[in-house]
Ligand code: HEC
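One chain follows as structure tokens, the form predicted on its own.
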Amino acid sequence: MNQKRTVFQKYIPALVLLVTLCLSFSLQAQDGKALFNNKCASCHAIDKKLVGPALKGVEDRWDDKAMLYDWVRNSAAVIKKGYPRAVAVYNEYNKVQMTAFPELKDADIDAILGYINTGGAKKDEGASTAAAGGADKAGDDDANLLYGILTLILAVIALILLQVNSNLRKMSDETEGTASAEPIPFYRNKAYIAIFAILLFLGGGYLTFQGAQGLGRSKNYQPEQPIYYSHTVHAGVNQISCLYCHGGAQESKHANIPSVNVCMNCHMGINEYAKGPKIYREDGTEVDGTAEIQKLYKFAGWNPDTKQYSGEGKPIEWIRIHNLPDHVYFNHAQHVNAGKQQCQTCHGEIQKMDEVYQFSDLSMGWCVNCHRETKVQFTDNKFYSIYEKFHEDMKNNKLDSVTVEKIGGTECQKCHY
């Protein structure tokens, strides 16, 4: 007995240590998944090339891990140093520099690498955020349908039982010789009429509420634009930064629609679409990219033969997709510059969209939930330097993070005039 106890006492600490390590690794992998999806997934996958190389085995390809950390934070600086691996990647991918992430610590990068090494993202690769949101919504719809069917079945059973009770009572009265009143027709039975009226009121109220709640929302709205502009080609394949065309998103309230001149900065020299991937409309018909560029020239008043403007250009009448009510205040610079949010947070995987559609419903609940869950990036962000107490609490390990809600992000006056 003592021998068994000794063995038990010997191995229990090892077992506890193993469980602790597994849990800590699981938490690290969970953080790694969030960081991977937020920072890496728009350009990289684990097992296949996207805009950038596949990340499986990335640590083995870099003989200096410290240099890998520096590459993630600032690829341009590593290339400038002439590090062979960095220069090789830079040249292989047409000398397109990787987006810098100076805010990532060594522990953050280790968490991402740990997630990559586990291959945990395999089942999620190729599935967009929109598809994931659609799956969640489909699950909710299935649950609501099931509840509706069960409610209907229970209502039918209740009506049957009431009818059975009425018939049994009539048979009992006949057996005892008691005179019973004639049964009241269904359409004149006050109890049935009251139940029907209540159900009609509740059902109609629910549908009215849902309809009123959706007024002004345009989720999945996808109009046909004057020119077929593919974000997949521009932001995805050619890696044109969103801020090149929508520069106002970083410095002002509005993201702004680029003028024709911004388009012509590139298309003075690019007058045909020949080498890019084929583009298809929603109905499956192929888009003639060269013809769409000719439409741009017509709007710009540009003659590609003489390389001169005719002076007969006019603005492109783009159809607005994303819109908010007049009483809602939304500042792009507050989110992009101060909040360090990616465009994909609100607009979905825009780099994979040909014809752009509204990804989020942009409802008040959607915004509030985001503010409750999103952690403020305090590190190297002068905008949040005024929150001295939070900085002190994080320094003393009293807080591990601060959400937008904690700095007033759910107060009414933050978003409403």
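The term rigid core refers to the most C-alpha atoms you can superpose between the two forms while keeping them within 1.5 Å. All values reported here derive from a predicted model rather than from experimental measurement. Position 1 is the first residue in the sequence shown; the rest follow in order.
This protein has a second form, the form predicted together with heme C (HEC), left out of what is shown; the following refers to that one.
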query	finding
4.5 Å heavy atom contact, V376 to heme C (HEC) in the predicted bound form	yes
N303: touches heme C (HEC) in the predicted bound form, heavy atom cutoff 4.5 angstroms	no
Partner contact for Y329 in the predicted bound form: heme C (HEC), 4.5 angstroms, heavy atom	yes
Distance check, M364 to heme C (HEC) in the predicted bound form, heavy atom within 4.5 Å	yes
Heme C (HEC) in the predicted bound form: contacting segment from 188-196, 304-312, 161-169, 343-351, heavy atom within 4.5 Å	343-351
Heme C (HEC): the contacting residue among K219, K81, K105, R85 in the predicted bound form [heavy atom, 4.5 Å]	R85
Listed residue (I270, L154, L202, A77) with a non-hydrogen atom within 4.5 angstroms of heme C (HEC) in the predicted bound form	I270
Residues of stretch 219-241 in contact with heme C (HEC) in the predicted bound form (4.5 Å, non-hydrogen atom)	Q225, I227, Y228, Y229, S230, H231, V233, H234, A235, N238, I240, S241
Large Cα move at F101 between the shown form and the other one, threshold 2 Å, rigid core	yes
Rigid core fit then Q344 CA moved by 2 Å or more between the shown form and the other one	no
Core fit, then A76 C-alpha moves 2 Å or more between the shown form and the other one	yes
Distance direction in the predicted bound form for the C-alpha atoms of H335 and S75, relative to the displayed form (3 angstroms or more)	farther
Pair R73/Q334, Cα separation in the predicted bound form versus the displayed form, closer or farther by 3 angstroms or more	farther
